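As structure tokens, the next two blocks hold two forms of the same chain, structure 1 and structure 2.
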Structure 1
Amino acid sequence: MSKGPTHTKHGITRRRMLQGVGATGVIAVSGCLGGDTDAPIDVRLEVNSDNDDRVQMVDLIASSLEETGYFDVEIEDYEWNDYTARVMDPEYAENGYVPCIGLSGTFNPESFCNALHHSENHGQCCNLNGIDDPELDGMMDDARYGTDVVEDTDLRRERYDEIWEYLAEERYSSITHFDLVASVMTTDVHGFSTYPFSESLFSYGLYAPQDEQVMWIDESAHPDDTDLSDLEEGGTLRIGAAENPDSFDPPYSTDTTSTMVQEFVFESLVRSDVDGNLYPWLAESYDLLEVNDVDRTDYEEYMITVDLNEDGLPETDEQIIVQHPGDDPADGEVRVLTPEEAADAVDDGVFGMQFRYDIREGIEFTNGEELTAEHVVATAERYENSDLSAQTYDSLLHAREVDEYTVDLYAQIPDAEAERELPGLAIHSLEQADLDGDEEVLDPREDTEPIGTGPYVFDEMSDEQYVEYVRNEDYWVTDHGVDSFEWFDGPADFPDGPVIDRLELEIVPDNSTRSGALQDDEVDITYGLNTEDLDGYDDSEDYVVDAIEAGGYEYIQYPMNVEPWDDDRLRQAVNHLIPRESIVENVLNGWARPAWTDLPELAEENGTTDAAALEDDIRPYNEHDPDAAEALIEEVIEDYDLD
């Protein structure tokens, strides 16, 4: 038998990742952290305890800081669900702590700057420390919104280049490295290919005709020796899941594991291939009907005035679609556009973009409801004031039923990313679209099993132990046939739906324990293992390792609203003390790429005019440079009298 590959067909290899990674930046781990010292600056780093690689990375960063003699570092770790709840709390920004966490973005460049740094994302994903920079907000909006960037992709790229430069100078967050999504499986798993976003890892791997992707179970042959003609139906796929799903409710969850379990059940109007191209899915087709040169001030006559509470937030229970950009919160009130007024604006032809989606007829939810335009509208309404409202209503203005199988989605203003962002809703059944998300959550632990149109049906769950699904025998793709997709040009023997009968997700948060479960034949496939274990699997003929550079990264974020972190010199100094090459080589064993910019490879097409030139320009800001750090820190100490 031949050994499993170290890379996928997409050509991302460890050897390529390690090019340029040498001894520069490698440091010895110092002794105790957080002890009694005379260091003038106290730092508290926080991390989730169940990610060994991330914990080691934080240890390495802490050691680098303490070796300068300027920092007394304390490290606190938390279990994953407790940690995410902690850092997503808007009050977390007041603590002055430095969290370490990961981001999974999209194919759009905005997700790699906006999520971390736009003020509207504080308390959602993933502005953890209350970053509020009106100039930066404006720059991010200008790179995404307006007819100029919708019509001129080169201008859009130029504006994103300005954002990366600005972020490098201000350094609100330090991006450490771009992850690889590495799937490890036994040789019983055939046909699997890794997707660059871990939340879609298995929904994509099980069945994605847009990439002619399907997986199956076969215990009699090695996957190197089989192809689609050897496909076998049936069987059970046992997945080693890295975390317990926090929620089965799409608008009320932000972590990747929750999205992973939701995607077996819920689907959207469109789907993406591994290169980011969009394909109609629940929608049979879609078109951009109209683009209007409007900005948010054009909604002024439709807005209502609301008071601000003591925290400076509008006092309304309605979803705020648009807040007037010219209002001063110091006045104690602001003008806002809510869903009712948004509908009035659309009636009068005031909107940025109009997309029309023709829904496939005959698609049924697992409760027997037939999918119609009404379901899309009801779903959009359920996203109002949800945990994903900021990411949804940064673009969406209004959803409107045209007829039974036609729905229009309107963007507030011209949006270069609207084609991907507007139809991203996980479409709900009407039976569940009226759940309020607070007292009525969509979760089997609360006796509400998720209902969707997807290829699998929720079967049973034991909290923090396992989640199980069975194949949807009435799946609409199986009924319609893959040839019903106008865009499908794959082989005639490509199946009309996934072929694996049952999914069993074993919840094993500890990476080493999950690795042991794979070796003990308790699971067939897993991900997120400690990188020190990946080489061994890669060298074994009994396992296959399939890896691709992720659409995400690891980062730490500075509490820029707390002294002395409000001084960009301190943030720049700490950034120069992050040993990115050492993290990749010594902690991650080469299964990653140092982040010299904030932009992953998969988002480079629309996110920069020249990726190589951008790296040359930004890399000096991010090099491990203790001398440059020391000079900056001395200035901060003197100005803040920290001796």
Structure 2
Amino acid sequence: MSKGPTHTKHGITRRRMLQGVGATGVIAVSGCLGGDTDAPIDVRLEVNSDNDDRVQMVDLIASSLEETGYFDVEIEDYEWNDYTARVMDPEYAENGYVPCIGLSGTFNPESFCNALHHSENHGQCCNLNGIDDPELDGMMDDARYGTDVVEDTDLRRERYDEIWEYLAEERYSSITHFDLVASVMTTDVHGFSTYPFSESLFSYGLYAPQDEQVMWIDESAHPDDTDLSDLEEGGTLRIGAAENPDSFDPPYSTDTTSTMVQEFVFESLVRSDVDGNLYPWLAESYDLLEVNDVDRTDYEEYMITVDLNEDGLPETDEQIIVQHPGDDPADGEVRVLTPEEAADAVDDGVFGMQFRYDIREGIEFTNGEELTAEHVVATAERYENSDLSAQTYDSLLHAREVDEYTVDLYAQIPDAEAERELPGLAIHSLEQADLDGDEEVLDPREDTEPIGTGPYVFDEMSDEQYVEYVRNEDYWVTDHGVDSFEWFDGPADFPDGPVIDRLELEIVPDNSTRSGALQDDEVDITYGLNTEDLDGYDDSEDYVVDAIEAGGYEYIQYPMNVEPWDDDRLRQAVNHLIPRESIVENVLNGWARPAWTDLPELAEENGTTDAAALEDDIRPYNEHDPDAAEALIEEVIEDYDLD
């Protein structure tokens, strides 16, 4: 899954979500399915066997289909790596199978439609059944790229509304539900806040690209009586972490725990709140200076031609920023834009967008360096050819120092996501910006402790046992004060800096053991517990469960290149037979949200003009409705002579 800007939302009441969920559906056993029936339509559902929830979900869908008598359902399961290799094979689309898989989305509404449906994503993640709809491709491109959507966010929202409507009609895929991730903490620990970013350490520390800034432990008050004046400074927060952090090096890691620990230390120019709104952070302010109507072929004259090696890879050590969209790899060579030529293009005024960031003066790294434009440029260079280069250079063209405290970031083409994506770099110190990430890694286990500007400082660790951080006594926000943020409109007594002295991560991979450690008061907060345990914590007075929608979702995709699945009525019918409520209730114990539209709350900000109206519109398409399904199937059977 990609590490992308994901989000957190406090206060989703699970009870509310479950209203109206009846005790429908039973968990079917795969063995009962696929018998010798005379059902007119054969369906083969495919799933990876190691994800129990997903397997059960597919079982529920299968039994719902079989109950109608129209379908003869077969379920095949595969080991995960076999499965991904299988479904991402371009030939897979010819089989006529219905695969089920999960993805992780972000604030970007595109992540809930593009990955699944754009023809460019066929043969990779995750247009598995080769959907190739030029009209839809164009709609999705026009909702993100182009001067019009860059300048007019409402237009962008309208375009996404059209996409959701279009998808509801065409129904190439069915998103079943949006995952909730839950952290559980004792009542001693609550009210973590990073105003206005998040109301929970974990919702931010874990699931968002930028993290908590201020937090505290209130040892006495119940969470319902949180009052800033009760705030007690100091203390140690013990976090039960599910995994060892693989890496302390931001451009060289993608796993959750690594992201969490990096965010204690590293910060970015801009941060985003729970709704995806952006706030200047290390930058005091930023502006979009210029937008040019260019597309990627406009870089043609700056591109160099490189040969492809036997694996089909361009033979260059440079970061490839843009590959010419018109080139056919079969020719053995492609034209590419590398960093040096990108700088030339910017010199000549060829670029999509120019953002200017005014960096705050007086921000110090923990090694004493003062943050300047040079740090931003060096950081962008360090992301070249890193594990995150694909994400970073999806939109970034070039970073340029204007003066000591001013830096420009250029986007390749007019891109409505550039404002969020470009400044996502975790800013490095110059001391560490030239570590190559291969031989020289930024890792305390190799005696290189991470240096950042963030609220905490790495203290010590024992691999796979614990990691400890201490408060950054010279944290810049403490010095500047939260009032120094122009946008700050929070409580007057809001603390200026982190108030917890130490963070201790205990690494406990086993879910039950971690749950036991929480009950025995050996950790204060943990996450990733089994859903059946969550109900117990939720009912208890002594614990607080904080469930957030973090962008994860599950979907099945129809083989629309194979008859009779090319008929949208059949796809709509099957979609009506997906028991979304039953899946959420029976498989996930209520710890998820049925996907009544393809757009989760996470991405609503830019993904629709009116979320409630959108749901009213689209939900009827996605309701469990066997009668509507039957009517549609009868028509299909007749037209295709399927008896």
Partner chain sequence: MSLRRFVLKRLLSIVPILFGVSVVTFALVHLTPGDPIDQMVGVNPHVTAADEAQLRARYGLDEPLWQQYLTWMGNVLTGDFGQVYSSGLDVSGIILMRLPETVVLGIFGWVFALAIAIPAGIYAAVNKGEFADTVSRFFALSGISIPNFWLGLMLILIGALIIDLWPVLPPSRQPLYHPEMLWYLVLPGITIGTAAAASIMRVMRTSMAEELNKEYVTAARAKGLPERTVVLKHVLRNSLISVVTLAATLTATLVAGSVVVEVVFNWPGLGRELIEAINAREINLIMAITLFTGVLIVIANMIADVLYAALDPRIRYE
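Just so we're on the same page, residue numbers count up from 1 along structure 1's sequence. Keep in mind that this is a model prediction, so the values were computed, not measured. The term rigid core refers to the maximal set of C-alpha atoms that superpose within 1.5 Å between the two forms.
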{"property": "Structure that is the form predicted together with its partner chain (1 or 2)", "result": "2"}
{"property": "Which listed residue lies at the hinge, Ser253, Ala426, Ala550, Leu518, rigid motion between structures 1 and 2", "result": "Ala550"}
{"property": "Smaller-part rotation in degrees, where the chain is treated as two rigid parts between structures 1 and 2", "result": "32"}
{"property": "Backbone CA shift between structures 1 and 2, Glu74, after core fitting (angstrom)", "result": "14.9"}
{"property": "Displacement in Å of the C-alpha of Asp161 between structures 1 and 2, rigid core kept as reference", "result": "6.9"}
